[in-house]
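Consider the single chain below, provided in structure tokens and representing the form predicted alone.
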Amino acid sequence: MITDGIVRTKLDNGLTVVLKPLVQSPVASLFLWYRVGSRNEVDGRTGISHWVEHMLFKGTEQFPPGEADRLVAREGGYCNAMTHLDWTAYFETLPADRFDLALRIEADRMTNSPFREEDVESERMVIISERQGYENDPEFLLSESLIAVAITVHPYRHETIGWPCDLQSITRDELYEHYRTYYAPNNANLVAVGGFDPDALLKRIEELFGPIPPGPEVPPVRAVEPPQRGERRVIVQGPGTTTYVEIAFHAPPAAHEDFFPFVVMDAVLDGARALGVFRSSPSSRSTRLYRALVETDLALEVSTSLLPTIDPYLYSCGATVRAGRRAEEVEAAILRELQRLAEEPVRAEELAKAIKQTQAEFVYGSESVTDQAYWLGFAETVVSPQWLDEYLDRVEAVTAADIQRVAQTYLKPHNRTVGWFVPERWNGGEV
């Protein structure tokens, strides 16, 4: 188990520390997780968590701009950061005897980032350009609109990048307030995996992070998405020559008992995946959606999305419509496959293959010290260590009846939102 041998403690300032020593490992990985993402954003400040993530790369007095990245690279390591729906994480993977550098970087930027006005403005342009790059992708435009129509109340309705109007108007003081509220030890999990002595490392963590005072109480997320009461549809038009179809259903959160049947059901439809961020799973030509849409020349490719989240989110199926075929045909083919799951139990050999491949993807996606530090921090931040411990067993326990029940419960017409992206030449007639 990934959690075997971990040492877990909490400092007096509220920082949760999870250490997994692997004595023989020549490298070590540090992840610092903050419980903040687009889930914690309000109208008018969408995208602020991602923007703060950028600001923590603008340097401090101890590590001037670019210096932290340069030092990590000089020591043969790598580093990065990510902002998602429920969390923001910074990480460094380094040779074990250079690991102290990672601790010093993260302790420093937890409290000393200055948020200079000139940096705020330069990063505003960077992020707006990043968003404009996304807008060149029809699938982003369709997905953004689809999510905003499917989710009406919960902050998950905003993309992590934020809306353009908010990116234009968010101020330096608002960014700094967000930083001071959420980037504090009492709202963070520090995870380290690799070649270190846990007692010595914990002592060093206490030296660097212990003096940092806790932040204010984090505002609770009170929004609860109400049940959807009928199919919703959205059509997005834009430049291009290709039509896309995406269908989204409200889905259970990671901690829900239906989540793992959902994981295996998704493997039946579109192949197994690791759910982590460091491994991309190849598409499988033996899955139901591939055979129903690609092999029949209805679509060029198909994909699905299932995210483990704190609150209920969306499960989606998408397809790139082949030239000469119509969005209606592709939509109908996807819905036929979903209806089939609700009407017929998955065959025993198909279920066994989906379970075996899902378990294999999880194992492959948790091999390195970086993978393990990711998963330990993810479980600590989003669900629980127990969820991680039970992952393989709960996948193993999924039955054909579970999948049929989940399909009948969630893949219903009144729970879905259908989206089409159509090229601007479309005039309301045939797509």
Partner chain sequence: MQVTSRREQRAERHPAIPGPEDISRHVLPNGLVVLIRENHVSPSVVIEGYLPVGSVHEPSSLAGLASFVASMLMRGTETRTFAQINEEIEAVGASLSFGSGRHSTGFSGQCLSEDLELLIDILADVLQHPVFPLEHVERVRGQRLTALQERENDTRQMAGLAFREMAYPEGHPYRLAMTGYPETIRAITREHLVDFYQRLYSPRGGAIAVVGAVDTARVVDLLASKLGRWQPAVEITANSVAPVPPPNEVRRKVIVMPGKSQTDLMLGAPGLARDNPDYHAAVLANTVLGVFGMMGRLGENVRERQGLAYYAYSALEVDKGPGPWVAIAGVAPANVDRAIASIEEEIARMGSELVPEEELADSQAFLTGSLPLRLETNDGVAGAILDMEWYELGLDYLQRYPQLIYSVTSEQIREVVARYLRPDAYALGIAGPEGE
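Numbering follows the first chain given and starts at 1. Just so you know, these numbers come straight off a predicted model, no measurement behind them.
Absent from the display: the form predicted together with the partner chain. The rest refers to it.
Think of it this way: in the predicted complex, the partner chain has a heavy atom of just one of 252, 162, 318, 77 within 4.5 Å, and the residue is 77.
Although the partner is absent from the chain shown here, none of 16, 106 and 388 has a heavy atom within 4.5 Å of the partner chain in the predicted complex.
The stretch among 148 to 156, 228 to 236, 289 to 297, 214 to 222 whose residues place heavy atoms within 4.5 Å of the partner chain in the predicted complex is 289 to 297.
Within 4.5 Å of any heavy atom of the partner chain in the predicted complex lies no heavy atom of residue 405. Although the partner is absent here, residue 415 is not a contact residue: none of its heavy atoms lies within 4.5 angstroms of the partner chain in the predicted complex.
Within this chain, residue 95 lines the site of the partner chain in the predicted complex, having a heavy atom no more than 4.5 Å away. By the criterion of a heavy atom within 4.5 Å, residue 198 is excluded from the residues contacting the partner chain in the predicted complex.
Residues 242, 244 are the ones in 242 to 266 with at least one heavy atom within 4.5 Å of the partner chain in the predicted complex, listed in sequence order.
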